[in-house]
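Here you get one chain, nothing else, as C-alpha cells; it is the form predicted on its own.
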Amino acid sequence: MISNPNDPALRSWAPSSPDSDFPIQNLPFGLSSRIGEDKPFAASRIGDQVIDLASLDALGAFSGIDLPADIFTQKDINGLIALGKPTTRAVRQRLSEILCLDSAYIQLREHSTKWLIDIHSTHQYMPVSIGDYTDFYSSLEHATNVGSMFRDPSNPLLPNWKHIPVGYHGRSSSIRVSGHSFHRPYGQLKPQDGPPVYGPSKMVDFELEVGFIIGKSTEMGDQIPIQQAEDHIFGLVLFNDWSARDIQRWEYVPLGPFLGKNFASTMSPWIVTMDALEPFRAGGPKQDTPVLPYLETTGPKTYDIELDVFIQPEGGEPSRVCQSNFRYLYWNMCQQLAHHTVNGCNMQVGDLCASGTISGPTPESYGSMMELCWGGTKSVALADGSERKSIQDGDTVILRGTCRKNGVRIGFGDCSATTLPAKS
C-alpha cells in the first residue's frame, strides 16, 4: 500500500520522461476513446500513455472500492466526480499502487497493453458536461491595467473591486476541449468617429485563466461556507476565455460581456485533482482592504502554478509571449465560491468557474494581448520575425501550466485552439 501518492520518491514502471506533465504524482482524470472508436471511457494519464479506467476495472483493478458497474463508460465523468472525494481519492491511490515501480499488481502490469494506450492513438473529449459557467475578474494587476487603459489611470479600480470577487455568467455551450478551432466572430464595431458598423472582429484576444470544476452539488438556497469551499472543488484545468475586444468595448456597458466573449472558450482535457496539487499550495497577494467575515480565509489558499502562453503562426514555431503564475490572483478560489453561493445560488457537479485573466506585476506576465500590447500602442514579436497586436487568422494559442517542487514536475497538458478566418 502507498501511504502518499504525492511522495516525490515514487517512480513508475510505465514510461514517463522527466519533463512530462504527467508523472505518477499527477494521475489526473479525463475522458478518452481509441481513435476510430466512438466509445468514450473515463481515463487518467501517465507520461504519454492514457490509462483506460474501464478496461482496468474489467480486470478487477478497483476491487474493494464501491463503484457502480458502468461508472467508467459514461458520456462524461460527472457521475464519477459525484461519488465524492473519498471515492475518487481511492481510485487515484489504487492507480498509484498499480503503476509504482515495486507494484504488487503483477498481473495487471503483464496485461498493460489492454489498458495503457499511446496518447497519439486516442481522442480526448470534454471531460465533464458543464451545466453552468462563471467567469471571475480576480487579478488585481489585470483589473488595474484595464482600468488604466479604459477609465482613469489615477483611479483604475471600481469601488467594489476589493470588497467582492467580481464575476459574470458566461455561455457553456461554446466551451470546447483543447485542439479545436473557431471562426473569427462578427459583431458591431464602433469606429472612433461615426456610427457602429457590422463586420468581423479585428481584435481577437486570448485570456490566460485557470478554472475549477465543482465536485459537489448544492440545493438552491444553500450557501457554501468558505471553510468548506475546498471540499466542493474537484480539480483544476487551464482555460482560455477568448475575447473580441472591439466587440466587447462597444457592448459591455451596462451589462458586461456578451458577444465579445461567448463565441469560443477553450479548456484543457485533463482535470488535475486538488489532491495532486496539495504539495504546491502557496500564499497569494496580501489583501489590503478588510473583507466581510464570509470571505475571510486563513492559511495558504492558492497554488504555485507557473503559467505560459505561446502563439504559433500557421506553419511556424510557437513563441512564448507571457509568463505568469496562478498565485498572483488577488481573490482565491475559496473566496470566489463562497461569494458565488452566498445568495443561495445552487451549484452542480461539473460546473466550471474560471479565474479571469491572470496577470502578474511585470509586462511579460500580462495575461492578454490587450495588456501585452497596451491597447494597441505596442506589438509582440514572434520568433519568425512577425509581430502581433492581436491574434491573426491561422494563429494557434497554447496555454501551459506547471508545478515544480522537490524534484517533482506536474502539469496540465496543452490548452490550445486555432483562430480561422471569419465565415463569408
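Numbering starts at 1 and follows the sequence shown. If you're wondering where the values come from, they're calculated on a predicted model, not measured in any experiment.
Another form, the form predicted in complex with a further copy of the same chain, is not on view; read the next lines as being about it.
In summary, among the residues N160, Q192, S154, T298, the only one with a non-hydrogen atom within 4.5 Å of a further copy of the same chain in the predicted complex is N160.
The contact with a further copy of the same chain in the predicted complex, taken as any heavy atom within 4.5 Å, belongs to C345 out of A82, M126, I233, C345. When a further copy of the same chain is considered in the predicted complex, E251 lines it closely, a heavy atom lying within 4.5 Å. P257 belongs to the set of residues with a heavy atom inside 4.5 Å of a further copy of the same chain in the predicted complex. Looking at R327, you'd find every heavy atom of it more than 4.5 angstroms from a further copy of the same chain in the predicted complex.
Residue contact with a further copy of the same chain in the predicted complex: R171 places a heavy atom within 4.5 Å of it. At a distance of at most 4.5 angstroms from a further copy of the same chain in the predicted complex, all three residues D132, Y186 and N262 contribute at least one non-hydrogen atom. Comparing 272 to 280, 97 to 105, 312 to 320, 337 to 345 against a further copy of the same chain in the predicted complex, the single stretch with non-hydrogen atoms within 4.5 angstroms of it is 337 to 345. Contacts between stretch 265 to 301 and a further copy of the same chain, counted in the predicted complex as any heavy atom lying within 4.5 Å, involve L292, Y294, L295, listed in sequence order.
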